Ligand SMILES: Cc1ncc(COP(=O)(O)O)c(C=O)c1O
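The form predicted on its own is given below as one chain in structure tokens.
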């Protein structure tokens, strides 16, 4: 006898009970802020392969080092005693922590393996930081707009948000200072200083220095999120906020997702011992450890191959794709639409005239008619959503698909009544 999903459910003692007998759970209040993303629902419509998607924050899968990864996985699986398939220290494999510390030190942020916590992607670090620092009603200051994934990670901690507008140099420090002055219980300043998601804007050196000064003056922790930092294809490398930190108040998050492969789900946190220890306790509670097999493969890759050379190839490819996209936008979009010209990362940020709703346009026109998807910008705003923006990804599609998709989107925009 089968228990059909549509008709009933199996109970622990093997009885198939009618579905209506299942208890309705009493969810915690924090679950009110854990909701399906409207963006996810819109982009689900773009799963059709005939859709040209500029929606995800995906790297180009054709650039993944598949042969090298296959070789290192084969080797670590054959290690004597099955070491790579066993449990590992919750803070991460010692050798991988040493390698991350060496990468950080080479990038101008001196640290040791003891300063490194290996994470299940840097997204896990966002969750840990909020759970460690934020009680319901406490304030998180974020850029306006900010990374949607961070809001998703922070929301279960039930924070309030203070949003600080940006310009071409990143978060405005005069408005950050005003937010610190007017909001009680600010527990954290969250920033993506390098090629920010979603705008692609980079925080200037002077503003990085001022941000640290303000964090010191108001005794606030800074959460620095840097998944795109190494995908720089123009301009000079700027110092991390962590390298400017003199009192241990910056939590630095990094990731291999954009420079190696996202499927490994390996990120890291660099922080003062008092912070890293608490994040490590949350790590044990949440998942015990990051995959030993994936950590071992990543570590052997770093030992065996030249990550820097691989990143150089990524930079060249993404620089070319950005140029192709911006050239196509200049050629095909209405003049009223502006986009950012990032020096790195994966995205450009489109701004439409006031009154234009990018979500409505995508649902009614871009998907069904132009067969193009992007991410409407409204949900990237933590406090007051503004509908006349869109995040457009240039790293995942091929150059031909970029040209084709932008041309189709431009035709649809020119035929649409833009305010």
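Residue numbers count along the first chain shown, from 1. These numbers were taken from a predicted model, which means no experiment stands behind them.
Omitted from view is the form predicted in complex with the named molecule, to which the following refers.
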Can we say 121, 228 and 258 each have a non-hydrogen atom within 4.5 Å of the named molecule in the predicted complex?
yes
Given that the partner is absent here, does residue 147 sit within 4.5 Å of the named molecule in the predicted complex, heavy atoms only?
yes
Using a 4.5 angstroms cut-off on non-hydrogen atoms, would residue 265 count as touching the named molecule in the predicted complex?
yes
Residue 190: touches the named molecule in the predicted complex, heavy atom cutoff 4.5 angstroms:
yes
Decide whether residue 241 counts as a contact residue for the named molecule in the predicted complex under a heavy atom distance cut-off of 4.5 Å.
no
Work out which of the listed stretches, 123-131, 87-95, 176-184, 294-302, brings a heavy atom within 4.5 angstroms of the named molecule in the predicted complex.
123-131
Go through 290, 197, 202, 109 and name the one with a heavy atom inside 4.5 Å of the named molecule in the predicted complex.
197
If we check the named molecule in the predicted complex, which of the residues in 305-337 reach within 4.5 angstroms of it by a non-hydrogen atom?
none
